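So this first bit is one chain, no partners, the form predicted alone, shown in structure tokens.
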Amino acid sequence: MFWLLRRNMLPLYLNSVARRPFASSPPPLPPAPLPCPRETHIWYVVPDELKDASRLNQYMELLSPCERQSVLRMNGERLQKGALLARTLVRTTLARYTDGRLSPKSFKFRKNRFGKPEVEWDNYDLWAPPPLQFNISHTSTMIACGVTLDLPIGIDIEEKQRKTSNDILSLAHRYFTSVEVAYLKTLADPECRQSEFIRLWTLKEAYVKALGRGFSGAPFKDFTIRLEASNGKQVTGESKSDGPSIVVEAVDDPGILMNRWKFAFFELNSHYTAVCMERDVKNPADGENNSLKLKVWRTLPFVEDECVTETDAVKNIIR
């Protein structure tokens, strides 16, 4: 087997929600309906919920030889497990939208010139694959994959209690715009300032990933993110403003709003989560006032799936 885990790992005990028994060859994944226009589907996995070494071995068999080598090059068991689950989540999530025509193992991927992965579809007889777009983000305690239909997406998750090794304002001066730094300076409470820094970072990360460029191709200092109330004032995570919106401005021309993009920002368990999706400029119905729709699932691939969209797992949505 490829997976190099301890043999004395604990068995996996699960609360049954759409639970499926283990099999030597993976069963078909339950199909998922394609995302609607202006809708993002998010599937996430919690690595600590999966402790069955045989299941991880099964996941490893879904990967390409190159992906397996990449996983095994990771330094340490925890990093290997996270890399394996990230690749498994992408493959199993995308397979759900193919009506059973493609297995998770059959997917091929390529990267754009900035390194963002994309599906590389083959030519299929009598079937046109759906134009799926996806993006993935992970921390040590959660991995999330966002899926849209035909429109670019970026997703970022950050732990709400994430600690930084440097002073928050020092990091902000290094990575953020002068407008964002000035805003953070107005927050006297250190915890509030830390929280707002993480919120801004999460939104900016999702935006550059939606652009398909990543941090190197779209430096954070080139654009400003604002969470604005209807009166145009900046709001914080503690504010009780009605209908705050997320706005992106170009630094070289602050009056220009980059309204090609729409956002959703929310709390997912112990994480801040930001989703950025391109507007469908060809669809007149996809105007600035149409918010991004969300559906969220917690999953352990081939074991259980649970839709958590309307539960306490998803809170404080701004879009």
Partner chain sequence: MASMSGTAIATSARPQFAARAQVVKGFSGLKSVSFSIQRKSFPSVRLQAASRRLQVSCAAKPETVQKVCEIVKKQLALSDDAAVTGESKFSSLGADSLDTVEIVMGLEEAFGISVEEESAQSITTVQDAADLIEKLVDAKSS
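From a predicted model like this one, the values you see are computed outputs, not experimental measurements. Numbering follows the first chain given and starts at 1.
What follows is about the form predicted in complex with the partner chain, which we do not show.
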query: Among 182-190, 208-216, 123-131, 99-107, the region lying within 4.5 Å of the partner chain in the predicted bound form by heavy atom distance; finding: 208-216
query: Contact at T141, S245 and N269 by the partner chain in the predicted bound form, all three, heavy atom at most 4.5 Å; finding: no
query: The single option of Q161, N112, S178, N166 touching the partner chain in the predicted bound form, heavy atom within 4.5 Å; finding: N166
query: Residue contact check: V119 to the partner chain in the predicted bound form, 4.5 Å heavy atom; finding: no
query: is_contact(S70, the partner chain) in the predicted bound form, heavy atom dist at most 4.5 Å; finding: yes
query: The partner chain contact at S137 in the predicted bound form, heavy atom, 4.5 Å; finding: yes
query: Partner contact for C36 in the predicted bound form: the partner chain, 4.5 angstroms, heavy atom; finding: no
